[in-house]
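Single chain ahead, written as structure tokens, the form predicted on its own.
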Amino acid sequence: MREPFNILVAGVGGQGNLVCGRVLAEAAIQQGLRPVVGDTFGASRRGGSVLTHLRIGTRDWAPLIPQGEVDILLGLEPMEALRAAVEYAGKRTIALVSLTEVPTANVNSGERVYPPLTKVSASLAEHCKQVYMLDAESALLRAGSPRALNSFLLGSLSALTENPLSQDLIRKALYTTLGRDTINVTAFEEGVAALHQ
């Protein structure tokens, strides 16, 4: 594992960014590593941009990932993932991005149009080494709740071979943080399976 290994979680308020950071930090600790987590918030309300920076290594690092240094970008929302990629992605970045859109107020009012996901994906590919666009919506319907998106993406991240954290430790940290309810367990396993489809 290169040090620090940098994971950036991009989404909007209410999607579970902070929980993702907490789960991954706990898994890193259980693996004998030293995680440093830094969160940055856009609008201070549900729906505003949220970035969670996680830097993993054998010593402490500054909490925010420098530009171009993201190893894995976990995108809970496509446009937020693209915004984060423009600023932080580099030649080694692998992006795991949910196809589930969370339109902003100006999109909902008709003032703006949400870009087609094909364009978002193509733009992400310009900034990242590899992009996985994941259909979380159908998986979360099978799991029983759209609110388990973070569990789904943690499952996908755990299945990524470039991820330095043990899948079992991520799963265990998820259960410790959120409990072993059926929804989160199913969403995590759906995320694991989604990466291999």
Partner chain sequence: MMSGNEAIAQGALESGIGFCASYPGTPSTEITASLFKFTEKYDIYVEWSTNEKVALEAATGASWAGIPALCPMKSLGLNVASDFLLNMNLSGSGKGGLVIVVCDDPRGHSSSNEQDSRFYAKAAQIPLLEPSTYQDAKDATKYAFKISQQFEVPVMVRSTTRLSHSRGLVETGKISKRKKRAGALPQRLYNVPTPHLRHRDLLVKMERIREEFETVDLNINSNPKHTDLLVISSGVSSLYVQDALQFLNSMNVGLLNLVTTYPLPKKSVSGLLEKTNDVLFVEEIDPFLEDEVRMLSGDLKKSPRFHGKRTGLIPSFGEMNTDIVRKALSQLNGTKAELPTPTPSMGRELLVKRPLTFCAGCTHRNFYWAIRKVKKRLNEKLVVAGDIGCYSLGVFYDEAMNTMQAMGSGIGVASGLGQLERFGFDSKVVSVAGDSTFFHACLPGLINARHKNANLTFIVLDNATTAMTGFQTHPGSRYQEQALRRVRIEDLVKAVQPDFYATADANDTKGLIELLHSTIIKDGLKVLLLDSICRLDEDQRDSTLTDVHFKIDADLCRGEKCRICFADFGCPAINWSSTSNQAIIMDAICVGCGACVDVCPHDAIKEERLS
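Positions refer to the first chain, counted from 1. The shown structure was predicted, so the numbers you read here are calculated from the model rather than taken from an experiment.
We do not show the form predicted together with the partner chain, though everything after this point is about it.
Student: Are all three residues Q31, G75 and L99 in contact with the partner chain in the model of the complex, where contact means a non-hydrogen atom within 4.5 Å?
Tutor: Zero of three within 4.5 Å in the model of the complex.
Student: So which of D60, E162, D168, E137 gets a non-hydrogen atom within 4.5 Å of the partner chain in the model of the complex?
Tutor: Checking each option against the partner chain in the model of the complex, the one that comes within 4.5 Å is D60.
Student: Is L174 part of the interface with the partner chain in the model of the complex - any heavy atom within 4.5 Å?
Tutor: No, no contact at 4.5 Å.
Student: May I ask you to state whether E80 is within 4.5 Å of the partner chain in the model of the complex, using heavy atom distances?
Tutor: Yes, E80 lies within 4.5 Å of the partner chain in the model of the complex.
Student: Although the partner isn't part of this model, could you tell me whether P35 comes within 4.5 Å of the partner chain in the model of the complex, counting any heavy atom of the residue?
Tutor: Yes.
Student: So, M133 and the partner chain: in the model of the complex, are they within 4.5 Å at any heavy atom pair?
Tutor: Because no heavy atom of M133 falls inside 4.5 Å of the partner chain in the model of the complex, the answer is no.
Student: Could you pull out the residues of 1 to 25 that have any heavy atom within 4.5 Å of the partner chain in the model of the complex?
Tutor: Result: E3, P4, V12, R22, A25.
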